[in-house]
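The data below hold one chain only, encoded as structure tokens and taken in the form predicted alone.
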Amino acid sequence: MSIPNSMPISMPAPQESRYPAAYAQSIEHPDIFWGEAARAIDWYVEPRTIFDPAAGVYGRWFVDGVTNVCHNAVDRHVAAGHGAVAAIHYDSPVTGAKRTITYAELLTEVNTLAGVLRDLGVEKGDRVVIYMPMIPEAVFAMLACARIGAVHSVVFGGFAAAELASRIEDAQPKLVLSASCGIEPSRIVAYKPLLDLALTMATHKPEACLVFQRPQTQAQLLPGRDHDWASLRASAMAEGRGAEPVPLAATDPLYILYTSGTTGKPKGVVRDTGGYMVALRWSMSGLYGVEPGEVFWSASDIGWVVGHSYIIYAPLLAGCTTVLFEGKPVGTPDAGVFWRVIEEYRVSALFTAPTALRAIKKEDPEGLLMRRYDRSSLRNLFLAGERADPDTVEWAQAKLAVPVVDHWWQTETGWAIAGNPVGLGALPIKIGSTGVPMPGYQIDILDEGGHPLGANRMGSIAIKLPLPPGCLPTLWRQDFRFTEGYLAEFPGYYKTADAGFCDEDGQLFIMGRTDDIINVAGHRLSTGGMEEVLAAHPAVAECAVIGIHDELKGEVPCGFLVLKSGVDRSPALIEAEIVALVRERIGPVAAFRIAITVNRLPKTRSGKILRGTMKKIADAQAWNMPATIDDPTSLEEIADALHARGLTKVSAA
């Protein structure tokens, strides 16, 4: 295939980047690099063994260290005299609520809730499921669990009962923390009925549920099982009950975060205590270039890994102020809300998903709403979660006049695999690239036989073992599944299941999941590369390309287009131009002849396009409604659009 063009963009750097030396040391002398990084963390017992290759599935980090995440994220800042510093800015345009919580106030809330958990019988090693919306109490819950050594498992608020039940079944929690409801721009989602149904479906029964009543909906509490959050908090606060941080081994689990598995059973990604803290603390300064006291905003959800790492743990470990945003990039109330938040809280760095930018660009392509707000505090915009198409990056960079830094990571890794190390001295940006490997990640591009490929050759992206601190050591109680799913295909490597290439400068380009590489008459082609071409058309706001079955060629690409607001040209004309553009940029080998204009693309609540399900619909295969889908009717719209083009329509099972 042809490699998409990349355009270097210079980023102002006060000094020559320290990245090459830092990265080399992390690979050649990881004990020195990570031992030094560990000094940024408070330890009850400092680790002497930085890495033990004989421990765990592929080795473990800081095996003899003893520490506590909550102490590092909260207590030590108060002890250092920073209690009056803002820890959290809570901003909820869907309810009109705003609240700033200082580190001292955060300590009081977390300590009190930890005491309540203890009163309910939760101890070190017990699991606690957290099923809550984006409210401060959810942050208190996670930190309170970390304080007493309970293993939390956050389930995205509003998940269907069956999905919640499967996670309860696997984690076997002693307690569930929930809220009466979540708030969407157009509706209220009652959580308690979903939780009650999930508990009837699961064979494991938690001993108790603690429910936070929001004013928008009051949940019915079941006597003997359910407890009112506010009442128990008030009682513990009045009596001064709390719980001190529990010393934990660095290898003790901090949380379980479930991600969908190919077998239907969710995979419980385990995050350890010590390595996670060390990696996150390093990333705040080394990667994001954000220092204590500055405001960092990750526009994600606590139910996802980005929310765990960069709404809660990393900013608080670094002594920053984090923004907890309960809203959407458009519609709460308009496409200017991100810029309003940046102005109001003087945000230094914003981390969001490309899909959020595409939604904003679709509604406000000229950036008129952006001009209403003072964005002078913003130094960098970071993107991750899905491929950042060059057109969107260029648009954001031009409108915001700040560097737009794409970077790449996974639920399993917990922090960035590759990026542009702003804090070490930024490297030139190549639009389309996710940057260079972060410390500890030794990346190879492999062919199907597991052999490394040269520069600019696309293949499977794999990471040499051991994985650096912060990455998953295993799956929850499933070492064998972890080995089979991630380590077996390429011995000595962790399989990312992403496809891409490295250029001659070592910059990494992610072209999609390995199953997004389609075979057209024997030619391996990237749907991601085609999406870059589609997105470059001036009328296109969003796009997705999938491979669909073809009797002659095996597979052929099919492109879906969402047009920008205000486009007054015929969709058929634009579709014809798109077909010609792909032929010009990639060539006839792509066999790109199907372009379909739709009103929207089906997405998960975190903004990822559901390409896999779209492909099943196009191939007339049976498909199930994804549990994470934002709006179920969007997939039927895709099915109708395909049917209108003479492609078979199959409804959800």
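Each residue number is its position in the shown sequence, starting from 1. None of the values given here were measured: they were computed from a predicted structure.
Missing here is the form predicted in complex with adenosine monophosphate; even so, the following discussion is about that form.
Put simply, of Arg513, Lys464, Lys124, Arg379 only one has a heavy atom within 4.5 Å of adenosine monophosphate in the predicted complex, and it is Arg513. Of the residues given (Asp252, Asp91, Glu386, Glu294), Glu386 alone sits with a heavy atom within 4.5 Å of adenosine monophosphate in the predicted complex.
Here the marked residues Thr102, Glu109 and Ser231 all miss adenosine monophosphate in the predicted complex; none has a heavy atom within 4.5 angstroms.
Figure note: of the listed segments 164 to 172, 136 to 144, 408 to 416, 423 to 431, the one touching adenosine monophosphate in the predicted complex, with heavy atoms no more than 4.5 Å away, is 408 to 416.
Although the partner is absent here, Asp498 is a contact residue: one of its heavy atoms lies within 4.5 angstroms of adenosine monophosphate in the predicted complex. In the predicted complex, Leu475 stays away from adenosine monophosphate, with no heavy atom inside 4.5 Å. In the predicted complex, adenosine monophosphate sits within 4.5 Å of a heavy atom of Thr259. In the predicted complex, Leu317 stays away from adenosine monophosphate, with no heavy atom inside 4.5 Å.
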